[in-house]
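Coming up is one lone chain in structure tokens, specifically the form predicted alone.
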């Protein structure tokens, strides 16, 4: 009889004995198939990474020189920012355009996702409807936002219209999953009590489900708002949607002005920090009330 068999015998004789209790200051853990697969996977990734570094064709690029030049570029960008092709007022306007695109896509997506999320929640809808909606939004989420924008650009053309439709489409798929999971976390006893008292479906939703999930809904919505802000910056360049992303594209690829790229990066980062602070403040206020 080996050591693990002895532990099983102890567990049988003493029901109060639990796995993980230390014996002689040692914690016993069984080696499972999942842990073996995980270790093999991690080891394989490490080996492939090391092999890739050694076999990659660097085309006579010296790593030390490349790192030095990259650090010099970053120093120029972030320590010497300046306006060259637009002024401060125009920069604020372009940021406002990007925020407008972000707000519009998040608002439309959240409104549609809230309604569909109620039907996707298993405790509020039938199994067939819930699985159908979740399967559909899984396909939407599997395709990146940029690809959705480019798909809709075939019909609407490159510009803000394709960006709004594509970003809204992916936002709906993202928030339906988030909202439905928040609704499913509600205590089943609350829903049963309301049903027993004669409340209809809409009364259950507005009196119990949404008030109980308000903090979670706000957190998910602001998280998606921040994601949409980053996507809107990228779409300004990739899809011609305008905004600060287009200015970043022009400064980096057309003018090759590193100082202006650094200045635009500061614009983008400052807005992202403000959005995070606003999100935290709203969640704290909602928790207080």
Partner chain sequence: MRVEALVKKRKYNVIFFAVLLILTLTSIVLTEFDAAKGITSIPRAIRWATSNFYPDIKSLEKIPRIWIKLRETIFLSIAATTMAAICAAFLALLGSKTTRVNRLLGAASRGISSIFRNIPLTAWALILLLSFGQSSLTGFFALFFFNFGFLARAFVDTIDEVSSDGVEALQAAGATYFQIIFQAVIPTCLPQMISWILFMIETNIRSATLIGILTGTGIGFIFELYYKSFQYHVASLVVIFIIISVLVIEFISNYVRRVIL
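Just so it is clear, the model here is predicted, and its values are computed rather than measured. Between two forms, the rigid core is defined as the largest C-alpha subset superposing within 1.5 Å. Positions refer to the first chain, counted from 1.
The next section is about a form of this same protein that is not shown, the form predicted together with the partner chain.
- By the 4.5 Å heavy atom rule, the three marked residues 61, 143 and 272 all count as contacting the partner chain in the predicted bound form.
- Residue contact with the partner chain in the predicted bound form: residue 152 places a heavy atom within 4.5 Å of it.
- Contact between residue 248 and the partner chain in the predicted bound form is found at the 4.5 Å heavy atom cutoff.
- None of the heavy atoms of residue 278 is located within 4.5 Å of the partner chain in the predicted bound form.
- In the predicted bound form, the partner chain sits within 4.5 Å of a heavy atom of residue 160.
- Taking a 4.5 Å heavy atom cutoff to the partner chain in the predicted bound form, the contact residue among 103, 201, 115, 88 is 103.
- Comment: the partner chain is not present in this chain, but in the predicted bound form one of 214, 129, 190, 96 has a heavy atom within 4.5 Å of it, namely 96.
- Residues placing heavy atoms within 4.5 Å of the partner chain in the predicted bound form fall in a single listed stretch, namely 71-79, out of 119-127, 201-209, 179-187, 71-79.
- With the core held fixed, residue 230 shows a CA shift below 2 Å between this form and the one not shown.
- Core-superposed comparison between this form and the one not shown: the Cα of residue 279 travels 2 Å or more.
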